[in-house]
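One chain follows as structure tokens, the form predicted on its own.
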């Protein structure tokens, strides 16, 4: 869990030592948008307005993934559940398959740091590679290091949209944080600092040696 820009996807990519499946709801949202399905068009419209994708749409998409995977395979969820409604539904899915959670990782990042991270983010439209104007710029300004495509800024990375998304996240996450705190599953980490440092702090909680990605 964490606000937009907290580094959920970046952290997940560095947690290879856990040897579990990484599921990113954002990646699945974008895949559905690219397929131009009715659900994908609804998701795209919500994102362009700076709104969080609704519980109904999220659960519809996540249900396909959850019930299609082997029950014995571990997972690391990135961006789901995002609301209490989603968490309660997910608890029910886990109960049916007799699975349990190890913990809920909460990455905490102040609003101004969130704005700086996201407004400076650029992405390659061809291969999806991410850059940042300050912390991870391309070798040649404005173009992808790998394929030379012109980098773009996603519409949901505009400052006004970022601030609106952050506000919505704070409102929706409070009951969700309490839900996992009451279950004794909430693990809090600062999302500030180098991504490798954040990953080390998280892996220390699992008592595992850090593996560079």
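Note that this is a predicted model, so its numbers are computed, not measured. Numbering follows the first chain given and starts at 1.
Just so you know, the form predicted together with a small molecule exists too; it's not on screen, but the next bit is about it.
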### Task
Name the stretch, out of 143-151, 184-192, 65-73, 43-51, where some heavy atom lies within 4.5 Å of the small molecule in the model of the complex.
43-51
### Task
Flag residue 164 as yes or no: does it have a non-hydrogen atom within 4.5 angstroms of any non-hydrogen atom of the small molecule in the model of the complex?
no
### Query
Looking in the model of the complex, any heavy atom of residue 131 within 4.5 Å of the small molecule?
no
### Message
Can you work out whether residue 90 and the small molecule are in contact in the model of the complex, taking contact to mean some heavy atom pair no more than 4.5 Å apart?
### Response
no
### Proximity of residue 26 to the small molecule in the model of the complex, heavy atoms at 4.5 Å
yes
### Query
Non-hydrogen atoms within 4.5 angstroms of the small molecule in the model of the complex: do 58, 82 and 156 all have one?
yes
